[in-house]
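As a starting point, one isolated chain is supplied in structure tokens, in the form predicted alone.
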């Protein structure tokens, strides 16, 4: 499967060349802008539990679609949010931005 070849910034799925997975991966990547929008909305409105749930979903699905780095970054955000002592999500800004960065670079 060819997709955005030659761009070193993109994170390709481990299943990019798997004909049985290519359509599923493409659909997953296509849904990522909406997921990023949902996470950004939760972050900006200080909805901690919603952001935990969204990060948990990405942590669980990332590896299954060939993006172990997504699982890693989402897991780090989820863990940080669970361990936060305060209520201000700004404390999690670095982890949140790192996850959004990965999400924005996923490619099928």
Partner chain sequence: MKQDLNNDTDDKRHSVLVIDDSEDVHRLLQARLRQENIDLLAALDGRTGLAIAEQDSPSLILLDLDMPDMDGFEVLRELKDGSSAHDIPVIVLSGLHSPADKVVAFDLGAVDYVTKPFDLMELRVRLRAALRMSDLVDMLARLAHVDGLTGLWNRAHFDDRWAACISENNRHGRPLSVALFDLDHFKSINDTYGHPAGDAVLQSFAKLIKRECRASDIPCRYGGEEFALIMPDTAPEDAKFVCDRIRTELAALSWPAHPERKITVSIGVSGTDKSVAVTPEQWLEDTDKTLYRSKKGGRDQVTAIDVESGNMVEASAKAA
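Just so it is clear, the model here is predicted, and its values are computed rather than measured. Residue numbers count along the first chain shown, from 1.
In what follows, reference is made to the form predicted together with its partner chain, a form of this protein that is not presented.
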Q. Considering 57, 50, 46, 40, which brings a non-hydrogen atom within 4.5 Å of its partner chain in the predicted bound form?
A. 57
Q | Residue (of 84, 24, 10, 94) lying close to its partner chain in the predicted bound form, criterion heavy atoms within 4.5 Å | A | 24
(Q) With a cut-off of 4.5 Å between heavy atoms, is residue 17 one of the residues that contacts its partner chain in the predicted bound form? (A) no
(Q) Considering non-hydrogen atoms and a 4.5 Å limit, does its partner chain approach residue 64 in the predicted bound form? (A) yes
Q. Heavy atom to heavy atom, is residue 31 within 4.5 Å of its partner chain in the predicted bound form?
A. yes
Q | Partner proximity in the predicted bound form: residue 79 to its partner chain, non-hydrogen atom cutoff 4.5 Å | A | no
